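Here we start with a single chain on its own, the form predicted alone, put down as structure tokens.
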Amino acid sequence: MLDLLRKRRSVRRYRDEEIKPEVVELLKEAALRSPTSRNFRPWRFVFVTDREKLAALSRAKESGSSFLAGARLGVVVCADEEESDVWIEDCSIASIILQLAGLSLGLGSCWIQIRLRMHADSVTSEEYVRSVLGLPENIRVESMIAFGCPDEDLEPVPATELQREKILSS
């Protein structure tokens, strides 16, 4: 696990190469095995492979989501907020589980924050994503994750660059 964490980087460029269906199925399993507070499982996952929908979703934010258009898979991580008061935390955990699972399967990925972001002056990113996917109002969108075969080779963050001052002593 520590080796995966050392290698994990935000990959925003992907080769024009399909992701095998069996790999997508493994990602689905990983998402559904994510830890969840009190086992409420409020999360929902929308796996998007349609290139037109990926392009539409890549416009969810004014900046920071355009690379989704070049991905071969986008996973929208959302939840029914009425099922749990900690849906945000559960979705965040599921998002990183998906990213680490993807890395273990040879994929690159990058998180796209949606909740509390804007698509345009009067439309939130959540509203936009819900409209693209036809999701009901009670579904809240936390994030999207772009997946693909990496077309960039990013070096791990060196141990010397870790911000050890963030570890507080008791």
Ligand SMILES: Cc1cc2nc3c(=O)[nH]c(=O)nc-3n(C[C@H](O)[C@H](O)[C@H](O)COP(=O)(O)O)c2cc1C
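Just so you know, these numbers come straight off a predicted model, no measurement behind them. Numbering starts at 1 and runs along the sequence shown.
The same protein also exists as the form predicted in complex with the named molecule; that form is not shown, yet it is the one meant from here on.
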Legend entry - Stretch from 58 to 66, 100 to 108, 31 to 39, 129 to 137 whose residues place a heavy atom within 4.5 Å of the named molecule in the predicted complex: 58 to 66
Inset, instruction - Give a yes or no for Gln113: in the predicted complex, does one of its heavy atoms lie within 4.5 Å of a heavy atom belonging to the named molecule? - result: yes
Inset, instruction - Please check if Arg13 has a heavy atom lying within 4.5 Å of any heavy atom of the named molecule in the predicted complex. - result: no
